[in-house]
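Just one chain is shown here, as structure tokens, and it is the form predicted on its own.
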Amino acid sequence: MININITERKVMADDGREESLGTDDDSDQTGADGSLNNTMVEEGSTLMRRMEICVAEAEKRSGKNAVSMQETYTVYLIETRPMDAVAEGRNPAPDCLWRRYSEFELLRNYLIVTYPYIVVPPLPEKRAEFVWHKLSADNMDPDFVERRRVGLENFLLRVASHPVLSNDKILYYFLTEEHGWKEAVYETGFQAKADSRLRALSATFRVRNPDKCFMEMKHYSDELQSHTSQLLRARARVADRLYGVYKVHGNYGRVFSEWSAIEKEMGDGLQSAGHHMDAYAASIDDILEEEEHYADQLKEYLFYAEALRAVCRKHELTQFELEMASQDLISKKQQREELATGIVRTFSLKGMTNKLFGQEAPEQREARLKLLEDLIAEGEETVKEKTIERAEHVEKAWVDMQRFKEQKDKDLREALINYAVMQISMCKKGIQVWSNAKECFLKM
């Protein structure tokens, strides 16, 4: 495993090229299974302990895309600062770079493929969904862009605090290297490892002995997505109605103010009551924008449901490959037995040929036996590898699912409690407005 000081910066070489990060061993590290080891530091030490990370701002830009067409897009400023400098009381200028949303998508896709046993944190929505009518669904709307900026920062903090994902060197390059990080991603060969949707779909319908725990988790993820989406839709409808109720109070304010103009003794009380109503009507904008923050927290777990299913699909695929390898091995052993004894237990074209034209020569038979022995040895090795792969995926995935469950319970409990507190506060504010109006009426 490569050990590296996370605060060490790249320096410029004499020939003008950037030198690579200092390590004890510059060669690619290979794990016991022959795969590239992308981790940078010891497990248990997360990036959040060593680096301060934030997505500071968003900026709209224009330029030409891959097919030379003009487009408008948004970029996000990532700022990082070594934590040891902050702890020592120093306040160095942060390292800054800009990233597009598509680059965040590439990073997440890489993490999903490289760590199939991990529930990878989701990105915020690319286009607005489940919004109340005053908010724009335009993905270039400033309010939406700001909410997405907060979501992207949350994604980076989630990944940087994960005990495994945070130590991946590609994540570090994403945060610190303005150029060249995409090339580093593609050099890992993660695209070649990506399972096709067709293979995953085939495994889903054809796997014979899926793990019960994964089946339950897959069912749970479907229900989580369903219930969360229903909750968000209900919240959007309530927000629409609440917006209407608050704005109607503006009509109270207008009527009381106009009425006060024709009343001599009652005028001051009516005008004061009207001012209270106007302030109450105007407050709904800030209230519902705050509510949208809690909605975004729920949306995160709406998208987490798909991340859970991805881990379950990977289990189905590894189980399916193991079953297919085992079935192929059994078939080859049966062929060897039939060839050795001369007794054909199942119908085959070769068996019919032998009956019609006689048995094959001893030399041919020996050559076939030798080939089958080699294929059986390869099959046994494949079954062994697939068994180990499945067991490792089950073990690691179950650990990460338990970590996710604890995180989910804590986050959702906190979000729902804060949402309830906000609603209580809003109702108290309404009671206070009408209490103030009552006092105004009593003084008339």
Partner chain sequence: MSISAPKGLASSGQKPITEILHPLSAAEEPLSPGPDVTVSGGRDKEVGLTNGTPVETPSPASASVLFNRLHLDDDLDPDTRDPYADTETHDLFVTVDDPKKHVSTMETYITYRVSTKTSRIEFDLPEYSVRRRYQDFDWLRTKLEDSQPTHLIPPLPEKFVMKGVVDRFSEEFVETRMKALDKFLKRVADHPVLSFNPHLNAFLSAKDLNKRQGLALLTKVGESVKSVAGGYKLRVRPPEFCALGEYLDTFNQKLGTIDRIAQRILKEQSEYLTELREYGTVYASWAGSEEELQRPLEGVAGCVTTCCGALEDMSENMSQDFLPVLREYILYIESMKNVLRKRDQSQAEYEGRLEAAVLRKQEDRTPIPAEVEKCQDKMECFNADLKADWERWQSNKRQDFKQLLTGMADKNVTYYEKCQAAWESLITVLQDKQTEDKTSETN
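Positions refer to the first chain, counted from 1. Because the structure is predicted, anything quoted here is derived from the model rather than measured.
From this point on, the text means the form predicted in complex with the partner chain, which you will not see here.
Kindly confirm or deny that 320, 324 and 399 each have some heavy atom within 4.5 angstroms of the partner chain in the predicted complex.
Answer is no for this spot.
If contact means any heavy atom within 4.5 Å, which of 119-127, 168-176, 228-236, 99-107 contacts the partner chain in the predicted complex?
In short, 228-236.
Answer for residue 259 alone: is it within 4.5 Å of the partner chain in the predicted complex, judged on heavy atom distances?
So residue 259 counts as contacting the partner chain.
Classify residue 303 as contacting or not contacting the partner chain in the predicted complex by the rule of any non-hydrogen atom within 4.5 angstroms, answering yes or no.
Because no heavy atom of residue 303 falls inside 4.5 Å of the partner chain in the predicted complex, the answer is no.
Does at least one non-hydrogen atom of residue 244 fall within 4.5 angstroms of the partner chain in the predicted complex?
It does: once the partner chain is placed as it appears in the predicted complex, residue 244 has a heavy atom within 4.5 Å of it.
So in the predicted complex, does any heavy atom of residue 73 sit within 4.5 Å of the partner chain?
No, residue 73 sits far enough from the partner chain in the predicted complex that none of its heavy atoms falls within 4.5 Å.
Looking at 290, 278, 337, 263, which has any heavy atom no more than 4.5 Å from the partner chain in the predicted complex?
Exactly one residue meets the criterion: 263.
Under a 4.5 angstroms heavy atom criterion, identify the one residue in 223, 374, 183, 363 near the partner chain in the predicted complex.
Only one listed residue qualifies here, and that residue is 223.
Going through 418-444 from first to last, which residues have a non-hydrogen atom within 4.5 Å of the partner chain in the predicted complex?
Residues within 4.5 Å: 419, 420, 421, 423, 424, 426, 427, 428, 430, 431, 434, 435, 438, 441, 442, 444.
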